[in-house]
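A single chain, nothing else alongside it, follows as structure tokens in the form predicted alone.
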Amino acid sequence: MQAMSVTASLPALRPFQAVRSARWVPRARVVMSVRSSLTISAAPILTKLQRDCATPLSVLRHVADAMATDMRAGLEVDGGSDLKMILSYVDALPTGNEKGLFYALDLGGTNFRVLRVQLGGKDERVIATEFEQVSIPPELMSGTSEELFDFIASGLTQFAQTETGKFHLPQGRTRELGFTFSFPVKQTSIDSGILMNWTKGFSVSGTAGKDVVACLNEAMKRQGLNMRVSALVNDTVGTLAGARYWDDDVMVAIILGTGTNACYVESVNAIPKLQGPNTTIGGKTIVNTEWGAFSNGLPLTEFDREMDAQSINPGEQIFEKTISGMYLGEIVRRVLVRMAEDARLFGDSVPEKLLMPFSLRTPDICAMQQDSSKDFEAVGSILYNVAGVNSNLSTRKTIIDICDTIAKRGGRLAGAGIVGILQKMEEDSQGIVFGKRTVVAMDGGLYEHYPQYRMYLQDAVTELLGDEISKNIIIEHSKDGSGIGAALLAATNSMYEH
């Protein structure tokens, strides 16, 4: 039995919302309104930051090699490395031949999303699609299991009742649903998984230790809804399935948003911990790496270590804390606080608002980097709104340099991680990955909305693989692929013939 991933939904980070996060414990600080005259310039702090964050080719190569090594160790035995290498039980991917009406439900935060899609096979593909988002009342987040699942089933029932003529369920058929459930689960098959514990503000009683698919199926039955779950999936796996439907060359999916994760297509023969009497020789499956937990050889700064020490999961998810949207803005904030304290970056006092953890968000540092005006007016405006300070041109330039340093390290390390996955696949497939077109499907607001981060990621991939091989590696955005991917996996695992 394996654990699925955890997905987070943080309203404060909406433009970069995607997956996996942790709460933070703020540390009390004393605000000194007057600074000693024994201050230093901000320049040495910036120089040291850039040195500590540097990702030359040798560092990238080490990260890629270590990622591949950790993947192998995690496939060997559970607990073999930082990477959990979780089996998804997805052993059939969408082909384009799927036909019929399928639903998807995505539960991963304070709201849930329902979607339906009418598939028309190879010729017509996606004929129609509709979705709806429903907020979960706060009281249900700490109520009983029955109350929560009854509410979700009720929303599904109302959505199913609005099927129009574009959507057609053949007579006598049960509707089938792909369920993206983004809480810690021990998955036991393609359509079952035991809830380990609730996270993200949920404390629902009576669900831990139960099969969440059975909970939902029973609630739908109580509502009189003729629907069953035919696939329980992780959001990263859903992204891969959604992208694969349109492109047979998709082999890897990455989410880079509030949190991060990666999954890829693996040969069953290459998974020692899966070998048994019922193993399908020569079969393929999707492995969920949970790569946010990777930690080998990453270039970390004192600001990263301080941030990690004050988190609720110190020493864990180090790769995620270095490359994902929840943390980039916070690292920049910590650098600014140090410069305010030691180099009077904002005058004689440290702005009190700047001392609030996570007050500077990744969308803010992204927006500052997009400022091409002569006086960097957008940078000044964001600093005023976030920290309540007025800034001069020199300060604004320094801050853009800090943002660029943190985004560059994040993007380049993410690129090295991707190469590590591809490298492992290449070595185990006797060289068939790099010699042909291979697509990496990307989703998540950080990748979508931060052009410099995207560029640094691609640069690292090209540097590591060289111009010739990297021409075959296509990194492309697959927006909201996980929703339709879950519906497609419901179709792939349908109890009916297509």
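Worth saying up front: this structure is predicted, and the values here are computed from it rather than measured. Take the two forms, find the largest set of C-alpha atoms that superpose within 1.5 Å, and that set is the rigid core. Note that residue numbering follows the sequence shown and begins at 1.
In what follows, reference is made to the form predicted together with a small molecule, a form of this protein that is not presented.
When contacts are defined as a non-hydrogen atom within 4.5 Å, all of Gly109, Pro363 and Gly445 contact the small molecule in the model of the complex. Although the partner is absent here, Thr289 is not a contact residue: none of its heavy atoms lies within 4.5 angstroms of the small molecule in the model of the complex. Proximity of Tyr450 to the small molecule in the model of the complex: non-hydrogen atoms within 4.5 Å are present.
With a 4.5 Å cutoff on heavy atoms, Gly259 counts as touching the small molecule in the model of the complex. Taking the partner from the other structure, the small molecule in the model of the complex has a heavy atom within 4.5 Å of a heavy atom of Gly325.
Stretch-level contact check against the small molecule in the model of the complex with heavy atoms at 4.5 Å: of 464 to 472, 58 to 66, 437 to 445, 44 to 52, the positive one is 437 to 445. In the core-superposed comparison between the shown form and the other one, the C-alpha atom of Trp246 has shifted by less than 2 angstroms. A displacement of less than 2 angstroms separates the C-alpha positions of Gly411 between the shown form and the other one, with the rigid core held in common.
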